[in-house]
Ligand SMILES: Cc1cc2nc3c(=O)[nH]c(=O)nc-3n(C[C@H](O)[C@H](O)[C@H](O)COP(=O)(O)OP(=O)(O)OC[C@H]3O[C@@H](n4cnc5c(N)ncnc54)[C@H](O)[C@@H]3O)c2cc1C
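Shown below, as structure tokens, is a lone chain in the form predicted on its own; questions about how it binds or moves come after it.
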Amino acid sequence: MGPAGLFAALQLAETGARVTLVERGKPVAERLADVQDFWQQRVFNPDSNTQFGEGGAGTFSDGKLTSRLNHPLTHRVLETLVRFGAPEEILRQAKPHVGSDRLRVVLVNFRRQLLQLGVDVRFSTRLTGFQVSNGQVCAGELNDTELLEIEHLVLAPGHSARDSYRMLSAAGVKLEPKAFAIGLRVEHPLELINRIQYGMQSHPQLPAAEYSLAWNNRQSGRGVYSFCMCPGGRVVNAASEAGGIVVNGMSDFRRDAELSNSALVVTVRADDFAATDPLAGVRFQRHWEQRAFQAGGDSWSAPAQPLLEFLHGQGGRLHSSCLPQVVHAELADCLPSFVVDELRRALPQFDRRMRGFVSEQATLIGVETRTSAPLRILRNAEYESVSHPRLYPTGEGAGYAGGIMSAAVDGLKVANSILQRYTV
């Protein structure tokens, strides 16, 4: 029930198709309670967290709706979100966002519409396998106990559904590793970023300042860039597995929190993790998440370090919004050496672009590893698995999107491809 699955289900149900929609996590209100328990009490639920549950990973994000896509379906997505409660101005904004707080309302209204259309919505339900007959997928296995006969299986797993990747690999579904990026989150005071960008602590007619930074190392061929910048937001502990730390960024609609944050990430190629099989990238991510967990004291605290200390060996102070808390750590121990080296080369370049970016007020938090899926579920021109007909991989977790907008559009494309089979 991330954007790809939700929009695919809506498109199919509006044409009269009989749809069963399964989500391993919980409805958004119950999911929020579980996330709060984790952030405040360190009570971790592996099936209900910032990655899993109604709305997908985007529920605990900035709700950004920007995309490089130039596709007519993007306006359809925006109109649908407004219909379900998103601010009407997203239809006009160059960089629209909903905010995590408003997005929760949208999700509840989205679900109500699906239910009115007759969709069978099942929470706390995982796809644990599937059956094949006459060379085609014919049934889905739910929670290891129930077989659900199907004509088409749309799979929108999200980029953190590692058990789903393992299940697909064991079933012989054609997968391939792909490049992604990993790095750290950086936090600055909101007023500092405003001063850098606007020349003042706050602008009377402009929102909290944003930035986008990129630098390419010509010698290594690697890119270093900011990702998912959250003005006036917070860094969130986005773990989805026991024993591993991963961080992300989140903002509410007003973007008025004390700190602004962004990922600073470095491209990772398949040869960096010796991609001998499609799951090698997952193992690579998990290794560094576990290192971060250990650096944080094995207690769900996120490792953090003043940016000046990371860059020069001393200086700066530690200040972060991340819960349950951050603990001082040597972040170079939480990332591959090539990532550390590239970040240290890029930071002075970023400071030339934004004087004051390298500041004693800046804090780095680790680690950011889930920028995108580490593999792709291969599909053909009809959006169907190349190895398993009637299986339709879609969205960010399948390797075909990056963010709310592109994932929603991909879900619509898959639904339309299925519907074309029935067009006379």
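From 1 onward, residues are counted along the sequence shown. Since the model is a prediction, treat every value here as computed from it, not as a measurement.
Quick note: we don't show the form predicted in complex with the named molecule, though the next part is all about it.
Of the candidates Pro374, Gly53, Gly366, Pro393, Gly53 is the one whose heavy atoms come within 4.5 Å of the named molecule in the model of the complex; the others do not. Every residue in the set Pro3, Val22 and Cys228 has a non-hydrogen atom no more than 4.5 Å from the named molecule in the model of the complex. The named molecule in the model of the complex comes within 4.5 Å of no heavy atom belonging to Ala257. Although the partner is absent here, Gly158 is a contact residue: one of its heavy atoms lies within 4.5 angstroms of the named molecule in the model of the complex.
Contact check for Ser61: a heavy atom falls within 4.5 Å of the named molecule in the model of the complex. Shown alone here, Val236 lies within 4.5 Å of the named molecule in the model of the complex, counting heavy atoms only. Contact with the named molecule, judged by heavy atoms within 4.5 Å in the model of the complex, is confined among 269 to 277, 149 to 157, 285 to 293, 349 to 357 to 149 to 157.
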